[in-house]
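Presented as structure tokens, the chain that follows is alone, the form predicted on its own.
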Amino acid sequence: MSKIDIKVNQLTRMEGHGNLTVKVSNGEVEEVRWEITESPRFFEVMLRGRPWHDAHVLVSRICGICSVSHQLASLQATEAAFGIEPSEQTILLRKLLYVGEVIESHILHLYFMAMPDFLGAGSAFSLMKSHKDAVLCGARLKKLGNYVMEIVGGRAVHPQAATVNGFGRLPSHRDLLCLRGRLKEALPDLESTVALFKGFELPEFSRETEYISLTHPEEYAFIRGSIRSTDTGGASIDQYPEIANEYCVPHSTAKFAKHVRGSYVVGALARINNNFEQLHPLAKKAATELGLKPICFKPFMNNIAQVVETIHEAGEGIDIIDELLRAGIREEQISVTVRAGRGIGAVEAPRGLLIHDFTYGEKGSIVKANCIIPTNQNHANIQHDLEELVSCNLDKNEDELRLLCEMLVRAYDPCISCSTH
């Protein structure tokens, strides 16, 4: 098209408010802009002066979808500042809690945000007649993720059982057996999910960029590890300021970030690009069936990476429960010795690398806090992808190009409200 004028205010089927502008005149691209308009949220300032035992409770409210991620990053930061090493049981229970969040979050995006694009629908509600079985499958899997968080964390939304150096409430032997059964029962639905997304035709678009995530020598890293880049290799957690170089742009209330290139990516595709060999066997099988292998530079494949990770977490959840049952759940004394110091916590939220950096005073109150949010780190790459995508698709009409750009943004599964801070 020689002339295109696209203005999408508040893109739908994603969390938060983001606008999209594309202008083409005489076949030349004049402007492509990814604009964040969400009001800034000052949660780092809210943490100042708060005692250590309030921190993880407050930060879990940053996001209703990723509340576990924020909570565990906060707990890690506090434990690092106080020199605390949590027990193996605590680590296993945190991993199991994470299983629930990843399943719930990925399924929410896959079935209710992304799927309508591939089926020509405006929303998942309109698919209840034409694709009722698929919608109900998504609902069952999302409910499973919520159930995991309820059993392990005490409730499905903002679970609060996890605390510094332990759990205030432990699941029973019977709870774990029931949960294991529910995870096993979900495997056919996960197989259906693979079949469903295998049948979708993803837009053919690739742009080489940098992928950054946690990595760990013994496991597929979600709640611990060091930082790894596909461009520069490994780095310690305390080097995060040199990696997530945040900067401001005039058209966004959220900061952008870059490392060695003009942008980088965090999230499911980044994790698989860095940690493919540590996927659960069930997930590796699904990745092969779905045509996903590292290093993949196709942003639309982030949806496929989420399918693979959901299966990984279901298989991992069953294995973790088996390990907990063999060892036996036992009450553990929760002891905390307060001291002045700085601690950094790093986890992989469903949407990517999440950092919490806390400095405590002698009385155990926070004097400084910094949070690095996954979507915050993806904004620059979304911008650069959109620029390239538009340039490569000027043969499409305005409606086709608008949909393609919207699908690209949604493929990142952005959580915009958390990124504006």
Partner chain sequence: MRPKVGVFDFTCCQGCELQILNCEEEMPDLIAALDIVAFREAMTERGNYYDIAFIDGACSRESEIVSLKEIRKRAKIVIPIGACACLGGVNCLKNAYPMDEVLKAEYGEAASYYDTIPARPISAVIPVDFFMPGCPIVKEEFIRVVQELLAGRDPYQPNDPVCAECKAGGNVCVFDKGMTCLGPVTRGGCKATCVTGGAVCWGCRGLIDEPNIHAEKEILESAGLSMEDITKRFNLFNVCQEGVWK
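Remember, it's a predicted structure, so these values are computed and weren't measured experimentally. Residue numbers count along the first chain shown, from 1.
Below, we turn to the form predicted together with the partner chain, even though it does not appear here.
Partner contact region in the predicted complex: 51-59, out of 24-32, 378-386, 51-59, 391-399, criterion any non-hydrogen atom within 4.5 Å of the partner chain. Contact with the partner chain in the predicted complex, defined as a heavy atom within 4.5 Å, holds for exactly one of 235, 108, 134, 336, namely 108. Distance criterion of 4.5 Å from any heavy atom to the partner chain in the predicted complex singles out 161 from the list 92, 329, 318, 161. Contact annotation for the candidate site: 40, 65 and 146 all lie close to the partner chain in the predicted complex (heavy atom within 4.5 Å). With a 4.5 Å cutoff on heavy atoms, residue 345 does not count as touching the partner chain in the predicted complex; it lies far away. At a distance threshold of 4.5 angstroms between non-hydrogen atoms, residue 180 is out of contact with the partner chain in the predicted complex. At a distance threshold of 4.5 angstroms between non-hydrogen atoms, residue 122 is in contact with the partner chain in the predicted complex. The partner chain in the predicted complex is not approached by residue 217, whose heavy atoms all lie more than 4.5 angstroms from it. In the predicted complex, not one residue of 171-187 has a heavy atom within 4.5 Å of the partner chain.
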